[in-house]
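Below you will find one chain, with nothing else, as structure tokens; this is the form predicted alone, and questions on how it binds or moves follow later.
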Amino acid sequence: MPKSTTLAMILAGSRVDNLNVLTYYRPKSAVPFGGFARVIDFALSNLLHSGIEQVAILSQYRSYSLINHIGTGAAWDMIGRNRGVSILPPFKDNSDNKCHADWYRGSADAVYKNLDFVQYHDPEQILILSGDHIYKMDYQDMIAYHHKKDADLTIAFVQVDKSKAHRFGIAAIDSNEDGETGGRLLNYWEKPESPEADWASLTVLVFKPEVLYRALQENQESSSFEFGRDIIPQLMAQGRKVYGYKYTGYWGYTGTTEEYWQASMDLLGENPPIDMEAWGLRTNMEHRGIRDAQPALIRDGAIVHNSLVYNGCIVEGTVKNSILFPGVHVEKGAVVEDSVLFFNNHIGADCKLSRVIMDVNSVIGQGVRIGPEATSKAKVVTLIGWNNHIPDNMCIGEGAKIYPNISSEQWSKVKCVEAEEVLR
């Protein structure tokens, strides 16, 4: 087959406990975002606009939603003679080596187990990136820098508040070399307790193939198999040419429910930090029948302020600073504010929702309150898992977590869900 210049491998198999019920039945990369899309759409759209046409997605945790969303890859123009997207789940083979017949033991192990796929494509460079970050990047600029420096590995970094740096892979970059563009890594720490620098890894890595192959093989002798924790420090210790590429645009890290909520709110306002139209975000419109949704209906007396309301919604009440996915119905007298409601939720008359993230297919009875009492605004997110039927006049305190599929019998025994309470 014709030689591809870049092969992209998207890490998309993780669940992320901090997102709680939102990743109960799907990987983090398949979590809905922005009123119609999924988180992985940002990475796929970046690849599309960067002209990278050979893509593999490494999946593991509850892959159905992700597989259903990717479809043929046509939504991102990744279908054709010399372009395509492949989903690579864990597999078993006839090898006597148990490491070949097991679940992916980490991000590096996932790529290692698919080296035959990688080597078949014979790429000039391998781009490995996370499928669960929200940003806009032209990867060709980073690849050009990688070539300019003749680097073995180039990693994208973004500057973060030092008080939060302990959560990320952090690098000290030699800024004397290329200033605002990047420089050679002077040091790298994976989630350091006391960070000495503030450049955080975006988990966007460009490798020379032969360097990656050798590093992954050597890593198999280890008991840990992660790019951040193992491969990068391993190459640094070997004196390899590891460079940092400085990214200065918006970066949404949706590692917790509060971060997911904040990234969603960054879609709103007069000059939102996330401009999906300007970024050219693509999604699979066939997934969940988005393409077939009828225009949104805003009935007489309804109020919609600073909100994204997608096709297929019916609004009879009040919606403020919120994002409604297709199929959401807000009945008369209901007030929804600072909230994100996924597909096909029904909000009954006279409900009050404040700072709520609600997964798909729930029915909220009349007069239900989710969030703080009276007129005050919630300060923490309340999570509602999918397929719940919440009885009339139920009170759910702010910060509560409702797991998916709570039975009607169980709901009948609940008088009120207290703030921060977990109902499962």
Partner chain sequence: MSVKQEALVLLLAGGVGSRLNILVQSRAKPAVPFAGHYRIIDFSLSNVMTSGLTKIGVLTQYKPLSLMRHLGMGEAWDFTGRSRGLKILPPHTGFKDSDWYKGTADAVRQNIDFLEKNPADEVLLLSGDHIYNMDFHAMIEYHRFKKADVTIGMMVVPMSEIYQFGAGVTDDNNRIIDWEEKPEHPKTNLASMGIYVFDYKYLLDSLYRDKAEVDFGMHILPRAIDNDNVFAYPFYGYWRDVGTIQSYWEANMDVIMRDSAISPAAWGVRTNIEADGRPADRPPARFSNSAKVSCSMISAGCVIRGTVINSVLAPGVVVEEGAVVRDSILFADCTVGKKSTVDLTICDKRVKISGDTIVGSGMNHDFPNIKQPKHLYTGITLVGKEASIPSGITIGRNCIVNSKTEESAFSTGKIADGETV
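Since this is a predicted model, take the numbers as computed values, not measurements. Numbering follows the first chain given and starts at 1.
Another form, the form predicted together with the partner chain, is not on view; read the next lines as being about it.
Q: Counting any heavy atom within 4.5 Å as contact, can you tell me which stretch out of 171 to 179, 239 to 247, 279 to 287, 343 to 351 lines the partner chain in the predicted bound form?
A: Only one stretch qualifies here: 279 to 287.
Q: Determine whether any heavy atom of residue 130 comes within 4.5 Å of a heavy atom of the partner chain in the predicted bound form, and answer yes or no.
A: Result no; residue 130 lies far from the partner chain in the predicted bound form.
Q: Flag residue 301 as yes or no: does it have a non-hydrogen atom within 4.5 angstroms of any non-hydrogen atom of the partner chain in the predicted bound form?
A: Flag for residue 301 set to yes.
Q: Could you confirm whether residue 309 comes within 4.5 Å of the partner chain in the predicted bound form, counting heavy atoms only?
A: Because a heavy atom of residue 309 falls inside 4.5 Å of the partner chain in the predicted bound form, the answer is yes.
Q: Is there a heavy atom of residue 270 no more than 4.5 Å from a heavy atom of the partner chain in the predicted bound form?
A: Flag for residue 270 set to yes.
Q: Heavy atom within 4.5 Å of the partner chain in the predicted bound form: which of 296, 115, 144, 186?
A: Among 296, 115, 144, 186, a heavy atom within 4.5 Å of the partner chain in the predicted bound form occurs only for 296.
Q: Exactly one of 191, 83, 305, 164 has a non-hydrogen atom within 4.5 Å of the partner chain in the predicted bound form; which residue is it?
A: Partner contact (heavy atom, 4.5 Å) among the options: 305.
Q: Is any part of 376 to 409 within 4.5 angstroms of the partner chain in the predicted bound form by a non-hydrogen atom, and which residues would that be?
A: Read in sequence order, no residue approaches the partner chain (within 4.5 Å, in the predicted bound form).
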